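Given as C-alpha cells, the chain that follows is alone and in the form predicted alone.
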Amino acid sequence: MSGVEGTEPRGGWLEQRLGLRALRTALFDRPVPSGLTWWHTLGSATLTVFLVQVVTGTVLATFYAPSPDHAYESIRFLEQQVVAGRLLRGVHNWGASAMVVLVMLHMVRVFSMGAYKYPREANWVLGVGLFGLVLAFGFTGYLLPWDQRAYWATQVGTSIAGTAPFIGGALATVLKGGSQLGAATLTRFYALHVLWLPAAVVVMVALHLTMVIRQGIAAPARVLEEGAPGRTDDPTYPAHHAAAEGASKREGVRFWPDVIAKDVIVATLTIALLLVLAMAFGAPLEAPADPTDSSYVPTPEWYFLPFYQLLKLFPGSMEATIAVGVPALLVLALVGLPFFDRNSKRHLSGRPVALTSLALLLGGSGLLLGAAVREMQSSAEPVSGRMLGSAERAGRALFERQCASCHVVDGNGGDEGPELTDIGARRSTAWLHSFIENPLNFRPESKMPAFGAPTLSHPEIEEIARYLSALRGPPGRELELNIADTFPEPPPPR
C-alpha cells in the first residue's frame, strides 16, 4: 500500500466535500468593472433589509396570534410587555417601506444605465417579479395588526381585486376566504405573509444572485456603447459586449475588499436608519377593527397611494378598467422592456423615449402621492387642527350636508346662522346634541329647524355633536375650554 493512502487531499476534509475555495473565488475574488458608484450598492442594501425583515418577522411571529379575537391584543402585548417589542415592531414596519424604496431605486438605477439589456434580460424579469412580491408583502402584512386602518384598507384592496374581469369574483373570494373579511381572511394573509411569500422571495433572490455572480456586474454604459453595433440583436454584438466587459474588468478591482466595503457601509447605515426611525416613531396601531364602523375612511400604505389616488380621477364606470388595466399594462411594459428595446444605447441621455417615460412615471406618481397626502390631511383634521376620530369624521360629513349652508366654519359656509369655528370651546357635546335635536327648547325665537327624528337619527346627531365639540378655534389658535352650558328647565309635572 502507498504510504500516503488514507490521507486527506490538500485543503482538508471540508474542502474535499464542499469546495469552499471555489465558492469563495466565485463570491469574493471575482473581478468587477471599473467606474462603479455608490448607486451599485442598492442591491446589497435591499438584501440587507430583507434579512432584517426575516429576523424581525420571525421573532414577531412567536408572539402573534392570527385570529380576529386575539391578533390586536397580541400586538398590544408585544409593544407593552415584551422587552424591546415596540422597537422590534417599529424596525419591521419601517423595513417594509425601506424594501419598497430600495427595490424601486434599484430598478430605476438598472433602467437608467440600460443594464436590463443583453445579456441580462432574464435577471431584469426576475427583478420585476421581486418588486411584485415586495408589494405583496406590504399588502398581506397590512391586515395583521387587525386595527381599524388594517381592516378597512384591506377591505378596499380586496374589493379592487374583485373588479378584475373574469376572475375578479373568484380572486376576491380566495383572498377573503369567503364573502366577508374575517378569521379565514386573517389566516390566509398570515400564511401568505410568513410562509408562501418568503419562500418565493428566497427562491427568486437565489436565482437573481446566481445570475449576478455568473454574468458579473454590468460595465458602465459609456464602455459598452463605445464602438458597439446599433442594436443588441446584431450578430456581432455578443462578441463586442464580451470584449468590452472583459476589458473593463481587467481595469477594475476585486469584489473583495474594494466593492464589498461600500456594501457594508451602506448596509450598516441602512440598519442604523431603521433603528432611529423605529425608536422615534415606532409602528402605527389604531383602535381595534370594527366591521360595523362604516364611517371610517381607510387609507392604504404610502406606496399604494398614487394608484389609490389615480382611481379617484375616473368615474365609477371606469374604475374597474383602470384598477386592472393600469397595473397590467405597467407589468407588461416592464417585463417586455428588454425584449423590445434592442437599441445598443444604454446611457439615459441617449435614450429620449426612456428618459421621457421615466420622468412621466416618477413625476406623475409624485403628483398623485402629494395629492393623496393633502387629501388625507384635510380629511383627518378639522379646521381647528385637532385630529378627528371616526365618529367625528362621520359627523363632519353630515354637517357638510345638513348644516354648512347656514353656518360658517373657519371662513367656509353660509351666513344665516352663527359661526361655529370655536363652538367646541364654549359648548359640551351633550348640549350640542340636545340643541340640534330641538333648538326651540333652548331659544323659542330660534329660526333653526329641529333635526331630531325623523330628519336625523339619534346616532347621527351624536356624530354631528362630537364633530362640533372638536372645533375649538382656527388652525394654530385652539382656545381653552370655557364651557357655559345652560339647559332648559324641564316642564312641570301635570
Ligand code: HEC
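Computed from a predicted structure; not experimentally measured. Think of the rigid core as the biggest set of C-alphas that the two forms share within 1.5 Å after superposition. When you see a residue number, it is the position in the sequence shown, counting from 1.
Same protein, other form: the form predicted in complex with ligand HEC, not shown, and the subject of what follows.
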Fill in the blank from the handout: Here the chain appears without its partner; judged in the model of the complex, the stretch of 24 to 32, 422 to 430, 52 to 60, 37 to 45 with heavy atoms within 4.5 Å of ligand HEC is 422 to 430
Handout entry: Residue contact check: residue 448 to ligand HEC in the model of the complex, 4.5 Å heavy atom
Key = yes
Practice task
Please run the contact check for residue 418 against ligand HEC in the model of the complex: heavy atoms, 4.5 angstroms, yes or no?
Solution key: yes
Problem - Touches ligand HEC in the model of the complex: residue 208 (any heavy atom, 4.5 Å) - result: no
Problem - residue 405: touches ligand HEC in the model of the complex, heavy atom cutoff 4.5 angstroms - result: yes
Problem - All of 133, 137 and 201 within 4.5 Å of ligand HEC in the model of the complex, heavy atom check - result: no
Exercise for the section: Identify which of 151, 296, 94, 399 has a heavy atom within 4.5 Å of ligand HEC in the model of the complex; exactly one of them does. Expected result: 399
Exercise for the section: Establish whether a shift of 2 Å or more occurs at the C-alpha of residue 63 between this form and the one not shown, with the two forms superposed on the rigid core. Expected result: no
Handout entry: C-alpha of residue 422 moved at least 2 Å between this form and the one not shown on rigid core
Key = yes
Exercise for the section: Could you tell me whether the Cα atom of residue 108 shifts by at least 2 Å between this form and the one not shown after core superposition? Expected result: no
Exercise for the section: Check residue 287 against residue 431 at the C-alpha atoms and report closer or farther in the model of the complex, compared with the shown form; the change is 3 Å or more. Expected result: closer
Practice task
Say whether the C-alpha atoms of residue 468 and residue 149 sit closer together or farther apart in the model of the complex than in the form shown here, given that their separation changes by 3 Å or more.
Solution key: closer
